[in-house]
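Quick setup: one chain, the form predicted on its own, written in structure tokens, and binding and motion questions come after.
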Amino acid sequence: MLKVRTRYAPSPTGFMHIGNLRTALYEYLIAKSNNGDFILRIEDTDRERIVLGAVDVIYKTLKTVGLKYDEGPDIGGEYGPYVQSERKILYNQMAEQLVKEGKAYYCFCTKERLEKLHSKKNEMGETFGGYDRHCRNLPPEEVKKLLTAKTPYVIRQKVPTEGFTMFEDAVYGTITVKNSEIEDQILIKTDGYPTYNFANVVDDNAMQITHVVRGSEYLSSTPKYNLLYEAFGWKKPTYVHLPLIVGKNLDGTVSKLSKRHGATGFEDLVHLGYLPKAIINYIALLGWSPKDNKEIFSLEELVKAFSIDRICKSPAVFDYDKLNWFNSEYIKALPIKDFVELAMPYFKSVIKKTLNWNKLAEILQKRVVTLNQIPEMVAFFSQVPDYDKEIFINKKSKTTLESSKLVLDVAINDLSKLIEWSYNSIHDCLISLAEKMRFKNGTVMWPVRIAISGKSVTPGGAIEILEILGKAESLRRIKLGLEKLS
């Protein structure tokens, strides 16, 4: 059996979309689950759409999520170069070979003629069926004359006008298309660069790619690929088309995932505070289901569990609530040291003094869903926000303005006597205060927490917050709370 070889072949035309990243992930998993090779190839033949810096985004993203490729532009390999613009000579040679064999031809039709052809068919109510093969059978002497005059041309493949082209897809099964529905596709454009389809086939064959993995939107173009394989007499790869990723619309329907559904780029999601490992874990399940109900997978575990026969046909819904769950689970599982390191930039964006960062991280870690929530959650440690005294009232803990005033008055006195400022000493002091005043614990904790935070919802309770703030700052804030109630 041939060694499994897959390739991720992005075009450097912008950010890394979630759909592109899932394709890269599945290609990696197919290769590695079969002890094969995963190759990176940059497809930059569409020169007008190239975005400066996009290649670096590709490198950075793959490195960040752990998709280590075995061959690529920056590391080389046996089948390089791995940038299509550097393989231009090869494409032209292969296209000229097909022309000599009578399987392709020079087309000299101008852009204006093609536009008129398009308009005419529209006026007649016809669905545009592509090129009308005007130059397909030009006499050799006319072709020679036009070439000598350096008339601009493209090279088109001679596609059969009768019969069918059929192929097997590992996910969708047998797909059959009428050849009459396939136009004489362009292989080489007027600028000398190959079309996406042609370069793909030439490179996949040259690099011995065994499995071509891509989105189901490319199902309809696959017959074009196979006609090229047949024209060259090459072995066809195994096709693996992936289900569409869709997003939920406001009216309850779904449509292809786009920016209107929220962040759809990997870097955007990271910027919003999602962990790369959580993103990878989640998108692995967008179109693939494991044999059991397990949901949390490391990349290594995905390699062991992955198989093509578990890829689904139906569209996968990108659910941000589910991604939030994955992210929170990954955050909870982090060693505290790692969480502190991740959280520190967010801490310092709103807290300008030094606190016990480990203690702060401990009360946050089990409550944080995305890292970008941290500033809002911890800002009160820097400064108590302005709040209305009515917030002291809490029916659940039976706290009133009067009881709150009594509690804070006694709390200042009792807490100020503490020699050791620790969680246990603070806890014992406040519990003793509740017993002394014959209040429930909640009736004491609520007004203390309001006074020191100015918020009804906080990460951690009153005792944890007091410990982190320190004795002097805690007493200062409780005094301010008491003044608000006076």
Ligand code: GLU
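Note that the coordinates shown come from a computational prediction; the quantities given were computed from them, not determined experimentally. For every residue, the number given is its place in the sequence shown, counted from 1.
Although it is not shown, the form predicted together with glutamic acid (GLU) is what the next lines describe.
Picking from 251-259, 214-222, 269-277, 393-401 the stretch near glutamic acid (GLU) in the predicted complex, with a 4.5 Å limit on heavy atoms, gives 214-222.
Contact annotation: Gly19 falls outside 4.5 Å of glutamic acid (GLU) in the predicted complex, judged by heavy atom distances. Contact check for Leu25: every heavy atom lies farther than 4.5 Å from glutamic acid (GLU) in the predicted complex. Interface membership of Ser474, defined by any non-hydrogen atom within 4.5 Å of glutamic acid (GLU) in the predicted complex, is ruled out. Within this chain, Asp37 is remote from the site of glutamic acid (GLU) in the predicted complex, having no heavy atom within 4.5 Å.
Though glutamic acid (GLU) is absent from this view, in the predicted complex it lies within 4.5 Å of a heavy atom of just one residue from Tyr387, Trp234, Tyr196, Tyr153, which is Tyr196.
Contact annotation for the candidate site: Arg449, Gly461 and Glu467 all lie away from glutamic acid (GLU) in the predicted complex (no heavy atom within 4.5 Å). Taking glutamic acid (GLU) as it sits in the predicted complex, the stretch 29-56 comes within 4.5 angstroms of it through a non-hydrogen atom at just one residue, Glu43.
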